[in-house]
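One chain comes next, on its own, written as structure tokens: the form predicted on its own.
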């Protein structure tokens, strides 16, 4: 690997990735690729540690990127296939990038009109506006979403002037969030029903991210059976998926240390050597209660509110019930923290970025 991994020294805060768990996920995804004849692209926005991305690139079909920086990362990792998508592109920057990627999805009809003459395998991202149970902050199906062309608007434009889309080779649908096989099948059935006049002329279909492929309860056999039948109907289509979280799901933790414990109005507040604003930004946006080792849902005598060491009053990770009392210097282990946390780190309040270790 080009970038050396730091030697473990137990100094917090740090992220730690378990190589055997990552390889387990990659093998599972490889098997899905073969059984269903699909292509899985690792999404660099979810995890881009340069000492590990070559391992991911070696085991999956390619990578999905959104910027020149991510293009460089994918190339350095030796990704076999690179797909490019962003909500909007600047012309001169795009002209350089499109020569170095294998396919691209444009986000709007105006971007399509502006750049359709550029050489490359070009597609459009579509908003299918499906009614699925997805939190609003990350629901790409919203009527007001800026992400993707309204499906009906695209079809109207396609029927009005098909020549305008002579160079259209793909459609891109990112409609799920931590979705099941059942939800993916709902998306595919929507596509086959609503876009049946477009699919025969295409070369690829990108079904985006939000797929829980590596969770224990994902219905892999159900999905494989459906995808095999789907490809019999459309042998012209290569199927691409971008399941960012699935690649590193359950593969690593974030570890912090208890610096202080204070009692405020009868509540015990733990101050950790971390902050939502520096190392856990995804928590602030998603407002998700994290999994913390040695805690449980049921009330125990050892209830604590975990907080950060920044100047923000709202730097609070939530209330947790531990199985044992906490003391100064104890390590707090946040589980399943590889996806999206590391890529969002900052140096807010002068804090250092958390170190990365491989176990």
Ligand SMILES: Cc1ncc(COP(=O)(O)O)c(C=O)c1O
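Numbering follows the first chain given and starts at 1. If you're wondering where the values come from, they're calculated on a predicted model, not measured in any experiment.
Form predicted in complex with this ligand: not shown, discussed below.
Query raised in the report: Is there a non-hydrogen atom of residue 348 within 4.5 angstroms of a non-hydrogen atom of this ligand in the model of the complex?
Result: So residue 348 does not count as contacting this ligand.
**Report entry** Interface membership of residue 128, this ligand in the model of the complex, 4.5 Å heavy atom rule
**Finding:** Although this ligand is absent here, residue 128 would stay clear of it in the model of the complex, with no heavy atoms inside 4.5 Å.
Query raised in the report: With the partner left out of view, is residue 53 within 4.5 angstroms of this ligand in the model of the complex by any non-hydrogen atom?
Result: No - in the model of the complex, heavy atoms of residue 53 and this ligand never come within 4.5 Å of each other.
**Report entry** Close approach of residue 43 to this ligand in the model of the complex, 4.5 Å, heavy atom
**Finding:** Residue 43: contacts this ligand in the model of the complex.
Report task. With this ligand left out here, work out from 71-79, 191-199, 208-216, 270-278 which stretch has heavy atoms within 4.5 Å of it in the model of the complex. Result -> Result of the contact check: 208-216.
Report task. May I ask you to list the residues of 222-249 that have any heavy atom within 4.5 angstroms of this ligand in the model of the complex, in sequence order? Result -> Contacting residues: 242, 243, 244, 245.
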